[in-house]
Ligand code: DGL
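The chain below stands alone and is given as structure tokens, in the form predicted on its own.
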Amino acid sequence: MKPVLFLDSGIGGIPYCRYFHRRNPGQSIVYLADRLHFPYGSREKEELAAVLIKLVEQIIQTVNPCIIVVACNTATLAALAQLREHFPALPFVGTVPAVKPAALASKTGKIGVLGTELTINESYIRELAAQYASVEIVGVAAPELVEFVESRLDSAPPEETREIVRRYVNRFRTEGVDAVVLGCTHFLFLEEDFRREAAPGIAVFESVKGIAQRIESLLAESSVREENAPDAPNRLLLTGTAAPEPSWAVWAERLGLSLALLNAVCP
């Protein structure tokens, strides 16, 4: 039984998992939240790469996925190349900030990227933009926004959420950008808030649809399709030995997944 596995440190990769699952309801999936190492954004690249290599080794033994989606911009930039090198037989799909379409769409030549500290400081972002257009990138690190989405999104009053988003949009507006890239998967939960606050002068870019299409293209290849089992269980797995927080049971129910620890089924 070989599912498609989505990996993130918390809930940030859920929009990718949810969108793909809705488009492909017959495909088995596993969502793995590495809460033991949350958050990824504050770690050094070498440290995070080592964590993910060890975690994928365990995933292969436990879940045996046909594809792993690194549903985290930070983890992708820090470790995707190393993961592909260590596990050459396993297809990986990375998620990187949608800098290319934002750069090509910009009229002012200035785009904003909102992400974790590691993502904002990664030279790959600027190198990617330079390939497609001569643009200036205004990078803003927002680790506190990751924490907000992870722990308070469901309980925060709508006006508080709008005010937090508005502060970031106004910062970009002051800088003269006309395109903003949501460069952390956690921020996808706030996509509609960002679009509402940014309109009409600033466009908002994300990569959910493109990632789903990439997974589907890999599944269409015979070597992957033939190994997949349509009756494989759909699960939400958590790292760590502590009992899951109540919010994880809510997410499991929303996604139609059974909740379990990586090494032991939860009570």
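Here the structure is a predicted model, which is why all the values come from computation and not from measurement. All residue numbers are counted from 1 along the displayed sequence.
Not on display, but discussed next: the form predicted in complex with this ligand.
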Using a 4.5 Å heavy atom cut-off, which of 80 to 88, 180 to 188, 153 to 161, 102 to 110 contacts this ligand in the model of the complex? 180 to 188
Candidate site Pro3, Leu32 and Ile68: all three near this ligand in the model of the complex by heavy atom within 4.5 Å: no
Taking heavy atoms and a 4.5 Å limit, what residues of 123 to 149 are near this ligand in the model of the complex? Val146
